[in-house]
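The chain below stands alone and is given in structure tokens; this is the form predicted alone.
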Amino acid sequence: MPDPATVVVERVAELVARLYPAATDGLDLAVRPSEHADAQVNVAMGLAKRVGRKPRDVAEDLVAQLHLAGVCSAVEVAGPGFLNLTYENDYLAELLHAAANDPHLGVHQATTTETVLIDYSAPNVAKEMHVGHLRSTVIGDALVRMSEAVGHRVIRENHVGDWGTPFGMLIEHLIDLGEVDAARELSVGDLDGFYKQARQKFEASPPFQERARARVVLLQGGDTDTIRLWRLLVAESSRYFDTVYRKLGVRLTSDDLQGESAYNDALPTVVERLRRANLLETSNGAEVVFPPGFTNRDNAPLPLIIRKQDGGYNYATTDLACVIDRVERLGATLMLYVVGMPQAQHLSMIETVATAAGWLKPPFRMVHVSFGNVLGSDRKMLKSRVGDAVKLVELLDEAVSRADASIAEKSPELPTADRANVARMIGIGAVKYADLSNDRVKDYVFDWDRMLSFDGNTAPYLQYAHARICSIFRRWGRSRVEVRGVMPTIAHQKERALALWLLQYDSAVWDALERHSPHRLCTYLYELSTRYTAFYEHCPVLKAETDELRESRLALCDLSARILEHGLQLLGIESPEQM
């Protein structure tokens, strides 16, 4: 419990409940930043309306009876009834000491542990991972890490497209190439080439079209040899996806794959359960559900197609089977769908139908974690020089290459092996942070110069701040662990500003997690780096006036570095100790 606001809120809540027991329900008790104090409580404003008194009078009554000795050195009424709080320096020091000796650095664990299923990345078998997969993958990975950090049980699920009519042409193309040659082509990552060759052949050759359609029938019918060839496509694609995930530094592995094919046997059951729930209707020969509140451009009810006229199932059927499986087999109380914004209506319809069918009821719920696009400098979808989607692996390789050139210029004394490792951390970190530091619901422009800059709100700036702190301890020549037992002294204004921000880490992590918005943690870490820089510039550390002051400031340095490293780790970004 390192955030001093926690204690203030508890004591204000107790006092309000005692003084005004009938007026406490739903009252805003949040502690907010203030330009004129360490923090501010605005409870008197809302409370005054409920009890028919002036806000300032209510605020003065609260101050007179609020016991915050040892927590606040001053509690003052400001403006129309705000409570301005100034914390005791000794109290801040105690909280810093507690955070430094907490394995979670003060981030409190969830009071109710949930099973959180996070659906993210979602490439298609035999298709290249391109820059369009970046946002889902890194946002999903950050949410996985944050959820695990606060104690939730997390299930990663990579819902890959591994079924459907395109696999007829892909399998036939594989047969034409020969299994060995096809496997070799796929293993080197030329998934785009493989898919384009199959598509071109399909469009140009009627006999190939007939073979492909016949192969789809065999696939759906469970033909043994066709299933074996299909599994070869899936396995080679999965192997390639794994290389991209390792390069990107995310938690996903082949064990997290959950293809559309996994739900094939459940699709008839979905239809039957919808029929039993009296939700299924026939429209133009198809079996559909009309979820309330959804209409088309003509304001007519919009159907969710469950089974098409030809008897085939639709994406919606698979997605409903997913909900059933995730709730009834996996027990996922919270399902996060890290999927692009264009899928908002579809997912909302799925949620509405699953709720109406009785499959999705408290505490089970699904949340669409939507996101915008990655744009080029022309503010259009980012494309390669030849106009194709940018391959994700090529983007990451270029990031590392650019970072290596920058490190070679900035730190030529680094050994080659160390430089390569640091370049990897900086390059991959820069790409991820450039994405995560932007509000996920907005588009952002991909800019190499900005994301690799050592100035501003970038990963290299934060990584450099961490490395600079590590260098202080190398010069000190003793272990950082030694200062974790030190009770820091908070005297200088810049020490105080840093201390107050360090104690906001718990709130920052929970705020980012509850809003499913990693950019809020990025904002916190950037502000921490700037406050640390100001502290370092104004408060000598190794040349402090006394041994006690030096150790106190080293303790602040150590906690700053650990929170920077831990926060970046929650974003999936590594922190070099030297760069």
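Numbering starts at 1 and follows the sequence shown. This structure is a prediction, so every number in the text was calculated from the model and none was measured.
The form predicted together with the RNA exists for this protein as well; it is not shown, and the discussion that follows is about that form.
*Asks:* So the RNA isn't shown here. In the predicted bound form, which residue out of Thr111, Asn284, Asn278, Asn101 has a non-hydrogen atom within 4.5 Å of it?
*Replies:* Of the candidates Thr111, Asn284, Asn278, Asn101, Asn284 is the one lying within 4.5 Å of the RNA in the predicted bound form.
*Asks:* Sort through Ala262, Ile227, Leu302, Met487 and report the residue having a heavy atom within 4.5 Å of the RNA in the predicted bound form.
*Replies:* Going through each option in turn, the one that passes is Leu302.
*Asks:* Counting any heavy atom within 4.5 Å as contact, can you tell me which stretch out of 354 to 362, 191 to 199, 125 to 133, 302 to 310 lines the RNA in the predicted bound form?
*Replies:* Of the stretches listed, the one contacting the partner is 302 to 310.
*Asks:* At the 4.5 Å heavy atom threshold, is Glu537 in contact with the RNA in the predicted bound form?
*Replies:* Contact with the RNA, yes.
*Asks:* Does any heavy atom of Pro268 come within 4.5 Å of a heavy atom of the RNA in the predicted bound form?
*Replies:* So Pro268 does not count as contacting the RNA.
*Asks:* If we define contact as a non-hydrogen atom of the residue within 4.5 angstroms of the partner, is Gly151 a contact of the RNA in the predicted bound form?
*Replies:* Gly151 lies outside the contact set for the RNA.
*Asks:* Check Arg478 for me: does it contact the RNA in the predicted bound form (non-hydrogen atoms, 4.5 angstroms)?
*Replies:* Output for Arg478 is no: heavy atoms all beyond 4.5 Å of the RNA.
*Asks:* Within 4.5 Å of the RNA in the predicted bound form - does that hold for a heavy atom of every one of Asn314, Thr523 and Tyr526?
*Replies:* So, yes: the whole triplet contacts the RNA.
*Asks:* Enumerate the residues of 554 to 579 that have a non-hydrogen atom within 4.5 Å of the RNA in the predicted bound form, in sequence order, or give none.
*Replies:* Result: Glu577, Gln578, Met579.
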